[in-house]
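So this first bit is one chain, no partners, the form predicted on its own, shown in structure tokens.
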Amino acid sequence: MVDLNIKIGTIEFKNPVMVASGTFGYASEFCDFFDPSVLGAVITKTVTEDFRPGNPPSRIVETTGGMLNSIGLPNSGVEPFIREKMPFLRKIKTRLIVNIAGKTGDEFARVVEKLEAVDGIDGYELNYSCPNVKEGGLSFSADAAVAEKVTANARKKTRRLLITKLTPNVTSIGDVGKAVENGGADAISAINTVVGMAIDLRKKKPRLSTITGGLSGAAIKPIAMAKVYELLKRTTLPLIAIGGITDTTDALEFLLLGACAVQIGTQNFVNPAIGRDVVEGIADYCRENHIHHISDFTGSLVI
């Protein structure tokens, strides 16, 4: 038998495979392909305090080895999320993490506070790649002191698992990682998308309405791996790796590096059942290599 259970903070997960926010909707969209209960966790599409329409089209562009998006975190707001999405989400027999974003640091704390009374939520993932309107549109990851303060304010509102999702588009992701650790985060997820741009030669215009967007997919895996490595050296927090995971091998490489879990993102659009496939693939690898517990493999990279 292979034991894929992991623990982050005080929460146990049945396996280390999660789905990245914004690539899996609210889970019901994928039920025709597989049962989301086989995942270690479902991480919801981003929830904000109020309704957001998102950015105008065009807002998704395929690129070589990846995808550019500038969707803009469209969602109905926290109250409709509680009424309309939670009844289904709490039926899924796995851990549920709600991804949260805000225009100000206070908004993160307010959304956490509103979700605290809702049953079926195991934790929150704070999306620090969104623009901070009080700081001139820079992301909350751009300033370690700001990231620490926002984390500390959210920490005061909950005893649930608190994960901070960090952008790679900073001078030192390690500094930000240490800051959110000081602020009371239980774990870090990294990386979010890398800033990129695409041009339509025929129209002589940018292909995204916002000109630049977030690059994801296989193309960013080496960047993600380097950033995860940097965070592992700078912080003691558990690391959940994101970026370019397209198959079991990619997932295993991040676990070997030292990530306690992985999130699959863009590949959900290519193979909607990829989450299930990777869970099964990790179990097969462990059986074939006589690994009885996934923790015996995690972080065993020889450097």
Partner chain sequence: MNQNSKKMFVAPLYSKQKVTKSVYRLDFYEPDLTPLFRAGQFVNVSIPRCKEIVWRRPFSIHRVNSDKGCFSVLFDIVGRGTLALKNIQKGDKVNMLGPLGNSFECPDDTEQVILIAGGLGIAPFYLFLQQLEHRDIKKTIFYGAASAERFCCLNEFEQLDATLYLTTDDGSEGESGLITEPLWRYLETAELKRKTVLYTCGPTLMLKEVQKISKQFKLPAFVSVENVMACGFGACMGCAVPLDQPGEKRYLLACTDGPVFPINEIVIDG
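All values reported here derive from a predicted model rather than from experimental measurement. Positions refer to the first chain, counted from 1.
Another form, the form predicted in complex with its partner chain, is not on view; read the next lines as being about it.
Open item on the list: Can you tell me whether L237 touches its partner chain? I mean in the predicted complex, with a 4.5 angstroms heavy atom cut-off.
Closed with: No, L237 is distant from the partner.
TODO: Evaluate V38 for contact with its partner chain in the predicted complex, applying a 4.5 angstroms cut-off between non-hydrogen atoms, and reply yes or no.
DONE: No, no contact at 4.5 Å.
Open item on the list: Considering non-hydrogen atoms and a 4.5 Å limit, does its partner chain approach L256 in the predicted complex?
Closed with: No, L256 is distant from the partner.
- [ ] May I ask you to check whether P74 falls inside a 4.5 Å heavy atom distance of its partner chain in the predicted complex?
- [x] Result yes; P74 sits at the interface with its partner chain in the predicted complex.
Open item on the list: For the stretch 49-65, I need every residue with any heavy atom inside 4.5 Å of its partner chain in the predicted complex, listed N to C.
Closed with: F51, P53, G54, N55, P56, P57, R59, I60, V61, E62, T63, T64, G65 sit within 4.5 Å of the partner.
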